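First, one chain by itself: the form predicted alone, in structure tokens.
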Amino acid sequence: MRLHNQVALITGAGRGIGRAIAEHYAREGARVAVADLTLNSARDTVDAIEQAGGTAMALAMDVTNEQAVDQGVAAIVERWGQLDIALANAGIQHIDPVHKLAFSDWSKVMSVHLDGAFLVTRAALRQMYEQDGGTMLYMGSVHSVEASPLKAPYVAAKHGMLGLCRAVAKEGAEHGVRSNIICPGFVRTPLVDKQIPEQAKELGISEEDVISKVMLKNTVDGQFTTLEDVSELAVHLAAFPSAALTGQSIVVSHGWHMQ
């Protein structure tokens, strides 16, 4: 097992990509702290992990709340004595053109993605530096490296997470900490499913056209990226044995973006 004896924190892991990665980490031998905005969602993931023979704990964590993040990391260390992997995954979306975008909606998206990533990073690094090593991961997006219409706060936040990842790679090296960002294409999660009718309305096209002519237009095969695609990459990055792979954005998007 690639993550045997590792302790991992994943935010936004009550469903979607975060849950898929939490379950995959557990199958690879990690003890997983499942953090989510609602404790019940976190417990659902923990129950699935434990039923499959894994080890996990549930945390209620609002990643925009400094105290909640710090207390969550402290609870992990109190229970398991270490924190080897932290994945800042929690995220939301808002669809609007910039000229119609309310500042409150801009701020909310930026806060969850970028402020949340910072708070999780800071808390995790304090422990990782103390133990002389760890892996910091971020859930970016193809929108970390290019833009799409109607998603300005999301695009800006995901670009910002790429910058944070690179800064952590530079600073963390002397402490044995690596940092990388996963950049998926469209994955059929509740977050993406919610966008389909919103974009159809804003663009004046059908939901089928949103999928084929917007979301999957630039892929090589017209396919969505899968949860398994993303979780496999997350395991690979967590298990990579050296700082040869740090400060990198790894795109998994069926060729939507090539770099």
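Nothing here was measured: the structure is a model prediction, and the numbers come from that model. When you see a residue number, it is the position in the sequence shown, counting from 1.
The next section is about a form of this same protein that is not shown, the form predicted in complex with a small molecule.
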Can you work out whether residue 189 and the small molecule are in contact in the predicted bound form, taking contact to mean some heavy atom pair no more than 4.5 Å apart? yes
I'd like to know if residue 62 sits close to the small molecule in the predicted bound form, meaning any non-hydrogen atom pair within 4.5 angstroms. yes
Even though the small molecule is not shown here, does residue 91 get within 4.5 Å of it in the predicted bound form, heavy atoms only? yes
Evaluate residue 185 for contact with the small molecule in the predicted bound form, applying a 4.5 angstroms cut-off between non-hydrogen atoms, and reply yes or no. yes
Among the candidate stretches 94-102, 71-79, 165-173, 134-142, which one is within 4.5 Å of the small molecule in the predicted bound form when only heavy atoms are counted? 134-142
Go through 196, 216, 37, 233 and name the one with a heavy atom inside 4.5 Å of the small molecule in the predicted bound form. 37
Looking at the small molecule in the predicted bound form, is some heavy atom of each of 150, 153 and 257 within 4.5 Å of it? no
